[in-house]
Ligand SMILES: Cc1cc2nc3c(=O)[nH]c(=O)nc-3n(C[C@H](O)[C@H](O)[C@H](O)COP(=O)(O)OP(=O)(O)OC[C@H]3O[C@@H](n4cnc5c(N)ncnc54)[C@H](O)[C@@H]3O)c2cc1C
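What follows is a single chain, given as structure tokens, in the form predicted on its own.
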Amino acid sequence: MAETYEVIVVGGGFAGIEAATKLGRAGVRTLLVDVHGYHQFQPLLYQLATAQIGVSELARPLRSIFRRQPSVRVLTAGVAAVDPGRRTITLTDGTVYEADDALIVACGAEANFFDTPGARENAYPLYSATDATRLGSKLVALLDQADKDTEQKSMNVAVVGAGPTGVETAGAIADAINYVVPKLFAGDLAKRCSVALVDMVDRTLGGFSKKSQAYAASRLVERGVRLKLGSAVTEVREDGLSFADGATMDADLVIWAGGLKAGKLLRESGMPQGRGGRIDVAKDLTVPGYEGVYVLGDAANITDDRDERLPQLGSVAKQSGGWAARNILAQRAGRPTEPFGYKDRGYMAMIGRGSAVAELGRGRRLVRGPAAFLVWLAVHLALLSGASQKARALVSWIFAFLSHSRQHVFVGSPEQADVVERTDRPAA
């Protein structure tokens, strides 16, 4: 017989944490399941990959988060299957758990390679702490190789995807080349390094205003980032990229920031899938046809009160988690659920040292430059989970900004990480 809980939450990301926290405060017997024993702050993964911060700044143990909420049990395990009709989950070891009141699926997503030949084998995604440390190890290995190469070998990086993740990653690597490499390596290594940002669309930061897009592009170019926009990547090779317009690009490292899609857990769940394989949810965040089943965060297609699809942002995930918990508590009290009331705080993206764009609020008030840089720092510092994580991140940012150096290291080789990443990872 399956062990039962009042609510089961699959996934320890923004949505799952927020939902479990509110349910725990209300004394609801809740099971939180995640394949990792920690919550990771995904918006800062590119900073982990470029050694601006360390793992301890963006990852917090799940049990630490819920240590004062005895009604929430944290279970570190992979979820092999979800049955929304019965509100059950099956772990990879075969154990089954059943939810009496509600099942929340907030298992995130995975990199979408769009069936591009060679992308899965040769590109480095950036969606988890493991991805980030693997990428960081590869960057360091390439720099070391170029530094000791007697034939003046170059180190060329290509970032695929000109959305916020791609822009922030390209800007961070360009800053490392411009400011960090000259301090850590002798000779002209920095001059032999390059970074390119490519995308099938003809602009950066899709979803932002044209002014923000133009500002981001100009600041990236100032940092030495080569932009190749308006042509799709048709192949990722070990030594570079091929494009739909017939062009090619040499690259020692290809970073994939080209979008996300639903993982295997959702594909095999039987729930209605929409764009990106994500689950189309009702206004109250439940799945039509499945009573008491909620899908949140990157796993869901969520719309606002104007029927516009909300982006896959941490703020959307966090708010949806809190709202789902609120609806579950309402149902337990005999009250009806309410449509998700998303508070749009706008978009922001870091372009590099001292440069950022922020479009604040529903009216999209534009802030850019150093002012937006400070806004970005303040918002992300506030969103980090845990006082010690906030303090360490602040110290790391100040050190990196003032010293043009890095205080974090990567343990292990990129080859070892390749073996880990290219195996089938369990869901959630």
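Please read all numbers here as calculations on a predicted model, not as lab measurements. Note that residue numbering begins at 1 and tracks the sequence as displayed.
This next part talks about the form predicted together with this ligand, which is not shown.
- Residue Ala317 is the only one of Ala170, Leu103, Ala216, Ala317 with a heavy atom lying within 4.5 Å of this ligand in the predicted bound form.
- With the partner omitted from this view, the residue of Ala51, Ala372, Val33, Ala393 that lies near this ligand in the predicted bound form is Val33 [heavy atom within 4.5 Å].
- Mapping the unseen interface onto this chain, Asp175 falls outside it, with no heavy atom inside 4.5 Å of this ligand in the predicted bound form.
- In the predicted bound form, none of the heavy atoms of Asp199 sits within 4.5 Å of a heavy atom of this ligand.
- Using a 4.5 angstroms limit between non-hydrogen atoms, Ser355 is distant from this ligand in the predicted bound form.
- This ligand is not drawn, but in the predicted bound form it has a heavy atom within 4.5 Å of Leu313.
- Using a 4.5 Å cut-off to this ligand in the predicted bound form, each of Gly108, Leu126 and Thr165 places a heavy atom inside that distance.
- In short, of 217-225, 185-193, 292-300, 94-102 it is 292-300 that has heavy atoms within 4.5 Å of this ligand in the predicted bound form.
- Taking this ligand as positioned in the predicted bound form, the residues of 64-85 that bring a heavy atom within 4.5 Å of it are, in sequence order, Ala77, Gly78, Val79.
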